[in-house]
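Listed next as structure tokens is one chain, alone, in the form predicted alone.
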């Protein structure tokens, strides 16, 4: 028995040393060992950080989806795969109109449905006849993906592509090995012929093939090809890079952790992309994904941020009958605060119509949203203030505070007093953590000084990349941020006070 215990202990010690050494390369995950105490588990969680690709993606904050294809012409959401390609004829298609409108709306990337479940391809794929090459549009000589990617780059947008794994047209679907080879061929076309791709978008839709069998997707082979051809890209949905927030409403959780459990039992840390080898795709829809209780029960943890998707219309594809059902600016603003402002990236769908143009009402709406966002956040009313760390520290300038990390070292709860240059009125607060150090804050509240005492005016839980809170207008010259609980010393990247300007 003693020999077994000694052997097991040596194994765990060796494994721990290897993992800790590997963390200089793979800091976006870490195993939970059987010997870890609760405090050690939380300490590990506090030091998991995103990959550079995940961080670059998070900084975009607000991106666009464009559902466009054969469904646009059949007035459907999900096609059958038996549509006649000739009906695809967007005679006025102008991808530059799309890109300019999205850029003017403040979006940083656009993702196009290169192929939806019906299998119709918006590029002249040589692996199927169900594509634009057999359409009426441009006598079969057109390439929507090519025009889209060129337009995005002209207007400074990053490019993303959606390639549905489910293909209701292809006869190989359901013959898993053969269809996976076909799918990889199409993926290779998209990832080699259209320049840099920043996001590859998957969903897990899966139905029966012509043979009555369900397709088994070879996700690991998909990941491998993407890493080879587009190493800077992130993969959404069915991969360990980005997760679906769990609804199609655009709303993130009020407590949105980017560090959540994963079973790392078979991970090979010597691989360049170790999580790709062991990740089992599934949706994360529970309200609680990353609490302490969830982490205590885990076998490992990884950085897995949320993308919140929603359409500006009731449907994802354009339907003329929905022209009067476009979401209001007020609704989109609420979604913005509840996605970008809840540690998510907002993916807003704006579908082109049968002419191949974005509807003017949609364009006007996203432009109006951008105007509100710009007018609200163009001036941070906290800038120029003095910051007092707790009551016993001397004042430091607002600008210097975010450079002096040692002020918060060794603390898991802390009070920051912002002494403003004058009495101001505000109704929005912004908090940002330095997520390249980790996501740590678990609970906080804010007070204002009314001349006699501190009055609490809002509170929250997680911060992560960004937390935005709205409340009734506050007038004061002093604001107090009380971080009540943190997984390690909280490291703020930004703090702001703003006036919502509609």
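Positions refer to the first chain, counted from 1. As the structure is a computational prediction, the values presented were derived from the model and not from experiment.
Omitted here: the form predicted in complex with beta-L-fucopyranose (FUL). The next part is about that form.
Put simply, residue 182 is far from beta-L-fucopyranose (FUL) in the predicted complex: not one heavy atom of it is within 4.5 Å. By the criterion of a heavy atom within 4.5 Å, residue 248 is counted among the residues contacting beta-L-fucopyranose (FUL) in the predicted complex. The closest heavy atom approach of residue 309 to beta-L-fucopyranose (FUL) in the predicted complex falls within 4.5 Å. Among heavy atoms of residue 67, some come within 4.5 Å of beta-L-fucopyranose (FUL) in the predicted complex.
The stretch among 469 to 477, 59 to 67, 445 to 453, 41 to 49 whose residues place heavy atoms within 4.5 Å of beta-L-fucopyranose (FUL) in the predicted complex is 59 to 67. The contact with beta-L-fucopyranose (FUL) in the predicted complex, taken as any heavy atom within 4.5 Å, belongs to 117 out of 319, 243, 327, 117. Of the candidates 201, 401, 426, 217, 201 is the one whose heavy atoms come within 4.5 Å of beta-L-fucopyranose (FUL) in the predicted complex; the others do not. Candidate site formed by 257, 302 and 436: none of these residues places a non-hydrogen atom within 4.5 angstroms of beta-L-fucopyranose (FUL) in the predicted complex. The single residue of 142 to 176 lying near beta-L-fucopyranose (FUL) in the predicted complex is 162, the criterion being any heavy atom within 4.5 Å.
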